[in-house]
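Take a look at this one chain, the form predicted alone, written out in structure tokens.
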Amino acid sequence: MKNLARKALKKNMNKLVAANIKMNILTLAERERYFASLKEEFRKRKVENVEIVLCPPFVHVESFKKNIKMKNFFVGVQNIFQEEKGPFTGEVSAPMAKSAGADYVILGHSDRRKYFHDTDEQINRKIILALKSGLTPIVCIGENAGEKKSGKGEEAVFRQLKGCFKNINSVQMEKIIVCYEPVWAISTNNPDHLPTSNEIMTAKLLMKKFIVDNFGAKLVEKVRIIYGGSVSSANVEESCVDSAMDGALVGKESLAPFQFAKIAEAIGKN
């Protein structure tokens, strides 16, 4: 069953593995150690057919761009503001991120929704500005514990998809990465279990249905759908490979280059 599903959902495009480093790497010395370890771990492993996206805190973006010069490695940011410029103290805009060397941006992450109350409308505006500036959005979509428990998880996913991709056309949609991030499964929520490969695959099919219904059948095989939610080297086979996802958004394990490289290698082999 799993092998048939993988074959049916496989696409002729590179997988994508993104590192959401969050508010970590606190010092320059720590950053240098991270660079050295990351380069060493990826040199030791054969990681093919995978785009690696490193999303450090914004203060490190330029340094990551200059120091991580390996094939298929890119740099991203963890968020942007919903305006291009202006009197918005402490914020970073899409043009700023692009100018600093970013190629990707994570939008709608559960941390942003929880702590900063990002709405689907705001995320939609950020997506449009990201695309305008030449950034590839990685847009997180997923239900929380209450929605899952009440049986409204599917409804929540569709609501977020509809809100986040409002006024997006098919040309724009093709450039977007969709990340299924079940909020109840992320490590900071201390989940008592993780979604099964069948649950994750079901979510992917729901997202593909949304794409078909709103953008047409031709586009559905061009949009990459990845998984994010306590991804580790121990569960990557079930969460990302058996579920036929197009890659992963990795949180805590991206801080350990040894584990992160193992995840990328596993995804690249399938």
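None of these values were measured; they are calculated from a predicted model. Each residue number is its position in the shown sequence, starting from 1.
Another form, the form predicted in complex with a small molecule, is not on view; read the next lines as being about it.
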Given the stretches 151-159, 86-94, 169-177, 183-191, which is the single one in contact with the small molecule in the predicted bound form, using a heavy atom cutoff of 4.5 Å? 183-191
So, in the predicted bound form, is Val231 in contact with the small molecule at a 4.5 angstroms heavy atom limit? yes
is_contact(Asn20, the small molecule) in the predicted bound form, heavy atom dist at most 4.5 Å: yes
Is it the case that Leu249, even though its partner is missing from this view, gets within 4.5 Å of the small molecule in the predicted bound form, heavy atoms only? yes
Is His109 near the small molecule? Define near as a heavy atom within 4.5 Å, in the predicted bound form. yes
Closer or farther: how do the Cα atoms of Phe116 and Asn190 compare in the predicted bound form relative to this form, given a change of at least 3 Å? farther
Looking in the predicted bound form, are the Cα atoms of Lys262 and Asn189 closer together or farther apart than here, the change being 3 Å or more? closer
